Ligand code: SAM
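Next up: just one chain, as structure tokens, the form predicted on its own.
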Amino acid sequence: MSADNKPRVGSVKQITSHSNPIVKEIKGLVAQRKHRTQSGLFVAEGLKLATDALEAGWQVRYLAIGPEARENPIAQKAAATAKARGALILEVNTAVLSAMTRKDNPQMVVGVYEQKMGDISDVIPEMSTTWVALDRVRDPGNLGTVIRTVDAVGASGVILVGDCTDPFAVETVRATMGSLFHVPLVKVGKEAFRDLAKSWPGTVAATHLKGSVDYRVPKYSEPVLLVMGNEQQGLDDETASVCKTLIRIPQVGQADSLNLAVATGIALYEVRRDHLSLEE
């Protein structure tokens, strides 16, 4: 807010040089996690994600719009909304968009947004449906797809346990298809998560190789905590020991395991079965 308590209105800046400091800043956010961590910012590409972010009330720092976007009424509306909320609107050419995103065929809109990451105090079981806890998830595509699936089934959010991949990496953001702006994210350490699981009032179910229960059998009583392990190592025994129900997804083919995002999606749709309907 400004001194007179009026919202700060953004401005418009034309950029034609690849060496512009803002272009370099955005390139750094795309390329390196440390820049995203230090600045608290991240990049999301595309008009759909820009529209989703604005509708969800996320704070926009920059909105870069290329030549096509300046002729697109939806993009023009997004730019006007972002500017009214204090964003700097960057009018750039396609070459500068390519430099920002390191892509030969960039999207017409590139946004820079402020990160939102909660902590364990934001996980309130009594106000929850289902939380998905991902233990040391490594693949950004997997994380993004899980976030998208959590959104699709109406779950409460995603808990990132331990050393996880960056949820604000460009690859993760792209895989969410905009669901990042609607799904709460919480980051916790392993010990804190185990304490949370021990005290959880509803179902705590984890997929595990030692699981003896078919994932379709349990009655998933809300609030549900669905725990998924690392892509390579699965869920460690110590964390598995605090989960009340160890489930397994049956397999009859030659594959020795399922992709993490696929397994999470299968389990989530079973957990949320009674709450999903084609009837509106």
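Bear in mind that the values here come from a model prediction, so they are computed numbers and not experimental data. Residue positions are given as counts along the sequence shown, with the first one as 1.
Note that the form predicted together with this ligand isn't included here; everything after this is about it.
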query: Contact flag, Gly229 vs this ligand in the predicted bound form, heavy atom cut 4.5 Å; finding: yes
query: Touches this ligand in the predicted bound form: Gly46 (any heavy atom, 4.5 Å); finding: no
query: Any non-hydrogen atom of Ala263 within 4.5 angstroms of this ligand in the predicted bound form; finding: yes
query: 4.5 Å heavy atom contact, Val242 to this ligand in the predicted bound form; finding: no
query: Proximity to this ligand in the predicted bound form, single hit among Met117, Ala84, Ile120, Leu209 (heavy atom within 4.5 Å); finding: Leu209
query: Position in contact with this ligand when the complex is considered in the predicted bound form, options Arg70, Arg33, Arg216, Arg248, heavy atoms within 4.5 Å; finding: Arg248
query: Stretch in contact in the predicted bound form with this ligand, which is absent here, among 201-209, 162-170, 75-83, 187-195 (heavy atoms within 4.5 Å); finding: 201-209
